[in-house]
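Below you will find one chain, with nothing else, as structure tokens; this is the form predicted on its own, and questions on how it binds or moves follow later.
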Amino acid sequence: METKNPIQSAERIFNILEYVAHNGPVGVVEIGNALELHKSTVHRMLLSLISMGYVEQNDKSGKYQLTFKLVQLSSIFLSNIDIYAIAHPYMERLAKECQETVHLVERTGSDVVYIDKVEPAGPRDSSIRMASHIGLLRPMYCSAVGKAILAELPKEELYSIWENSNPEKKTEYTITSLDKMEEELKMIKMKGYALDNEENEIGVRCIAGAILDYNNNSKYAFSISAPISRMTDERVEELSSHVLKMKGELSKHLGNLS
């Protein structure tokens, strides 16, 4: 006898919706066989989805397929995403765990703009606090956050950004050769995080990760910044696990399941 459990009904209707999304146009029998549901149950659920505007039936074939209502909902959802609200609690946790300054940036053309910053609660060297602020604009090629984003981009887009950036030596460590930058980006892609080894400011070292969305695009990135006296190679290795963890969590939050 069929259960009237509303939770089970909800699970079934979403299973049918997902099956139609992946396999449509499909018929009632095919859905029932695939999901191990009775034909009458599938038919009733489909009628509900049709009445709500999520599914339509082809007049000629009799098969069922999705409408564009889910696409419209997705568009509305994406337009309302507040990256600050999503990322800020993670940044607070990271700053507390690592006791270092954490930044969040957004790509804008060939640059990144700093849109959030969290300081650790304990007393720290003031050099980072003086050097960075929300609204700060920096070229992508000489920052860890920028390179983290660059590593996720197609080569054609990388070349375009490089040409528009006019790379110059900010410090003696700044990478201004495209060949060297491509080698650097391969390493970043492999490791999953990027470093700024005093490339923008002498005495400051950063480790960063790009945040990937549902389309595997990288519009945002975050970093941990510290004076080089604290950011040793051993410390970088230690912090890398924190960066990769937060990168995975935030990317998943934006719909990236890879």
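All residue numbers are counted from 1 along the displayed sequence. We call the rigid core whatever largest set of C-alpha positions still superposes within 1.5 Å between the two forms. Computed from a predicted model, the values in this text were never measured in an experiment.
Note that the form predicted together with the DNA isn't included here; everything after this is about it.
Engineer: Just checking whether Ile7 would be counted as a contact of the DNA in the predicted bound form - the rule being heavy atoms within 4.5 angstroms.
Structural biologist: Taking the distances in the predicted bound form, the answer for Ile7 is yes, it comes within 4.5 Å of the DNA.
Engineer: Contact between Ser229 and the DNA in the predicted bound form at 4.5 Å, heavy atoms?
Structural biologist: Although the DNA is absent here, Ser229 would stay clear of it in the predicted bound form, with no heavy atoms inside 4.5 Å.
Engineer: Just checking whether His38 would be counted as a contact of the DNA in the predicted bound form - the rule being heavy atoms within 4.5 angstroms.
Structural biologist: His38: contacts the DNA in the predicted bound form.
Engineer: Taking heavy atoms and a 4.5 Å cut-off, does Met45 contact the DNA in the predicted bound form?
Structural biologist: The answer is yes: Met45 has a heavy atom within 4.5 Å of the DNA.
Engineer: Please pick, from Leu70, Val29, Ile202, Met52, the one residue with any non-hydrogen atom lying within 4.5 angstroms of the DNA in the predicted bound form.
Structural biologist: Contact check passes for Val29.
Engineer: All three of Arg12, Gln57 and Tyr64 touching the DNA in the predicted bound form at 4.5 Å, heavy atom to heavy atom?
Structural biologist: Answer is yes for this spot.
Engineer: Verify the C-alpha shift of Lys191 between the shown form and the other one: is it 2 Å or more after superposing the core?
Structural biologist: No; Lys191 is a residue whose C-alpha shifts by less than 2 Å between the shown form and the other one when the cores are overlaid.
Engineer: C-alpha of Gln65: shift of 2 angstroms or more between the shown form and the other one, rigid core aligned?
Structural biologist: Passes the 2 Å threshold, so yes.
Engineer: Has the Cα of Glu201 moved 2 Å or more between the shown form and the other one, judged after a core fit?
Structural biologist: No, the C-alpha position differs by under 2 Å between the shown form and the other one.
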